[in-house]
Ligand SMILES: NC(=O)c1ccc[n+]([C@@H]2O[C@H](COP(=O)([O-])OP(=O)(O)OC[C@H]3O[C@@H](n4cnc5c(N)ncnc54)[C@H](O)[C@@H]3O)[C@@H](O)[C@H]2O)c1
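For reference, the chain that follows is the form predicted alone, supplied as structure tokens.
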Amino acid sequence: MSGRLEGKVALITGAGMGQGREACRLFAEHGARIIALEIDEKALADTVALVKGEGGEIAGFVTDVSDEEQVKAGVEGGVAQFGKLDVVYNNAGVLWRDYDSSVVDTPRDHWDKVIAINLTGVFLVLKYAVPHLKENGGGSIINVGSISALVGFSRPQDAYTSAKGALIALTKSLAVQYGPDHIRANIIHPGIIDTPMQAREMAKPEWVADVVSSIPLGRVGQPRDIAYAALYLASDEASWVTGAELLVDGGFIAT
């Protein structure tokens, strides 16, 4: 089935690779016009070329989501090009295993940088995007959390975990605040996904085997697994879904 997002305009952050790139492709395949925000200029150009090559409409903006002026320029530039905004998919994030550790081992500047991208970046995007959703008469906000926000791990990444946990609370607040404006807000919690962010770990067969042994469905997730979940939340099929947490983890949390 195609056309589930026909006529909609979707803003996707972290659009240059992994889950963000797959979301750009899948949303465009289903009829959405894409506003793509990405800090890496080459990765963004590659995504734009890929979507256009597949027949989609996309506008790319080089954007560091932790920089307010860049975020404002990307949001406003995209809306100016396409005329409205229906969907905001806050996918951008960082997982730096050697940079982010326990609260006693993480330097303050490392903590601040991880929070700035994973949490403050969502705030900044929504600061400029929500008024356009309201003007449009409603829409869908999709945030990306993590299974790390739901369970503890023996290898700590406390800034990342804290940011993702805070996004759960923010998502619920958004759902209640903006429900009367017909704006829905939901959060996806991905499990272990085979993306460039996990590339170093995925190159270790013993690590992959250990992870797979803990997943009931018996495999690591793929970027399109998350993109399909986001597609549902972006579509009118989810018109009565808000304030929800959607686990897409192969059953990891259920064990």
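A residue's number is simply how far along the shown sequence it sits, counting from 1. Please read all numbers here as calculations on a predicted model, not as lab measurements.
Omitted from view is the form predicted together with the ligand, to which the following refers.
Contact with the ligand, judged by heavy atoms within 4.5 Å in the predicted bound form, is confined among 88-96, 72-80, 103-111, 127-135 to 88-96.
Contact check at 4.5 Å (heavy atoms) against the ligand in the predicted bound form: none of G139, T171 and D236 pass. Taking the partner from the other structure, the ligand in the predicted bound form has no heavy atom within 4.5 Å of any heavy atom of E29. The ligand is not drawn, but in the predicted bound form it has no heavy atom within 4.5 Å of L247. The ligand in the predicted bound form comes within 4.5 Å of a heavy atom belonging to V144.
Contact between D40 and the ligand in the predicted bound form is found at the 4.5 Å heavy atom cutoff. Of the residues in 189-205, those that come within 4.5 Å of the ligand in the predicted bound form through at least one heavy atom are, in sequence order, P190, G191, I192, I193, T195, P196, M197, Q198.
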